[in-house]
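Single chain ahead, by itself, as structure tokens, in the form predicted alone.
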Amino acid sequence: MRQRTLLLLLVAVVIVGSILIVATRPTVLGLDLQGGSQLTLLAKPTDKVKTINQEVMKGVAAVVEQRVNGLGVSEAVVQLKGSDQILVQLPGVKDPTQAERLLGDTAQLEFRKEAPNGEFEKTDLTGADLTNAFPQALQSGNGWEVALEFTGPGGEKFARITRELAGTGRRLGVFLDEEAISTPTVGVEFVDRGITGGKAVITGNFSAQEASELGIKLKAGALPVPVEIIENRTVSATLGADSVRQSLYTGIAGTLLVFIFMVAYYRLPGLIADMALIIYGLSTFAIFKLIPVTLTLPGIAGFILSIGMAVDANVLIFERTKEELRAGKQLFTAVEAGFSRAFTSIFDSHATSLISCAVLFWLGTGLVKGFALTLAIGLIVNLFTSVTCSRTFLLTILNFPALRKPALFGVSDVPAKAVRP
């Protein structure tokens, strides 16, 4: 009895916690549901990198992913496509211009010294020596600049270069993709030690957005090879809204039909199963929001499929219970035996489905992973609600004598001893 009370409290906590999460956290929708932008990047060989292989593409994808993360787009997808392409999906981004600017540049940062003849000579200080780059407002309040922080060796290189240029009137060139974006001079006060501390700024009449984008590029590092944007497609948000609405109607209609069937066929246990299904749906949706899981159409399909498996688990339990009642066992014993005998089948079916989900998540990409993830979460939650919630509720209501009737369990032809309290 004490254990059952604790389980009821646990279920109550799960319900309250799920309601709070669902009410306070936003639902993350994928590209196919909320619309957005999809870009395809083509990696191009250079004189230094003549062949585009998997190692090069992994390096390109890593830099692109860091730049996309810098955009602040939630649940963006960056994945390899073929041997030399990368697919980038940006949910919620209606104007792909910014993403195109951010992803299309190689962002090779170099610091160069101005020679006496006015030409800029390359140095050994590059973007690879940076640890951080971020926008900051000018002290005058009129414009933005990009602050740089170097590694230890990078700071020493910067100090050496600025010491060589200090007081000479020759400039320090900051080049991005072979284009000079800033050419400051170094004051004579740095002639002894150069600019130490491993920090510098790039000025260039930047707007806040330009400074932010440059900071993202520099922080993410340079692309190992240039990329060309060969496709820039905007996914209509109208299509996403239609899909969400149709999926919602389908889910509600299917769930109501299941509720009606369970009550009509299994009577009292069917009503208990419906309550467990509501808890299942609520807690699963709360987990989706808590992780958070990006809901796509395949992801919703996985969720609906897991609802079907939740119903299937209850059907197994209640059919077992009916068999026990027809065999002459009393209600308490029949219910316990029904759950006990059905559990092995439920666990086996869920375990095999989870293995399939793991394989799909491991080998699949994008939408397939979403389907596998939502289905797996639904299966795990289902083990709790179908077995723990349904069993606890059912045994609790049997404390009421008026409900100890096999007919309420959908069984009328039972031996007389089964109806004794």
Partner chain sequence: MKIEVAKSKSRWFTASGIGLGIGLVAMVISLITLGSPLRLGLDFTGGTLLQLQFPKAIPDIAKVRAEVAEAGYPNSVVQQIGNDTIAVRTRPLSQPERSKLQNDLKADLGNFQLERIESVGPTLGQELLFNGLLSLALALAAILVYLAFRFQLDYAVCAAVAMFHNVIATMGVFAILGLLFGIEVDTLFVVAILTIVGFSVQDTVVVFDRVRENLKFLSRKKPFPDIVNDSVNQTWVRSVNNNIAALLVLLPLSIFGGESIRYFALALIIGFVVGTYSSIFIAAALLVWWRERKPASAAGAGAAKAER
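Keep in mind that this is a model prediction, so the values were computed, not measured. Numbering follows the first chain given and starts at 1.
The following text describes the form predicted in complex with the partner chain, which does not appear among the structures shown.
**Request:** Could you spot which one of 264, 257, 208, 115 gets a heavy atom to within 4.5 Å of the partner chain in the predicted bound form?
**Result:** Contact residue from the list: 257.
**Message:** Counting any non-hydrogen atom inside 4.5 Å, which residue from 181, 304, 291, 138 sits next to the partner chain in the predicted bound form?
**Reply:** The residue from 181, 304, 291, 138 that makes the contact is 304.
**Item:** Contact stretch among 150 to 158, 306 to 314, 129 to 137, 182 to 190 - heavy atom within 4.5 Å of the partner chain in the predicted bound form
**Value:** Correct option: 306 to 314.
**Item:** Partner proximity in the predicted bound form: residue 371 to the partner chain, non-hydrogen atom cutoff 4.5 Å
**Value:** Result yes; residue 371 sits at the interface with the partner chain in the predicted bound form.
**Message:** I'd like to know whether residue 119 contacts the partner chain in the predicted bound form, with contact meaning heavy atoms within 4.5 angstroms.
**Reply:** Result no; residue 119 lies far from the partner chain in the predicted bound form.
**Prompt:** Is residue 232 close enough to the partner chain in the predicted bound form to count, meaning some heavy atom within 4.5 Å?
**Reply:** Taking the distances in the predicted bound form, the answer for residue 232 is yes, it comes within 4.5 Å of the partner chain.
**Request:** Verify the contact flag for residue 341: yes if a non-hydrogen atom of it lies within 4.5 Å of a non-hydrogen atom of the partner chain in the predicted bound form, no if not.
**Result:** So residue 341 counts as contacting the partner chain.
**Item:** Pair residue 27/residue 209, Cα separation in the predicted bound form versus the displayed form, closer or farther by 3 angstroms or more
**Value:** The answer is farther, because the C-alphas of residue 27 and residue 209 separate from each other in the predicted bound form by 3 Å or more.
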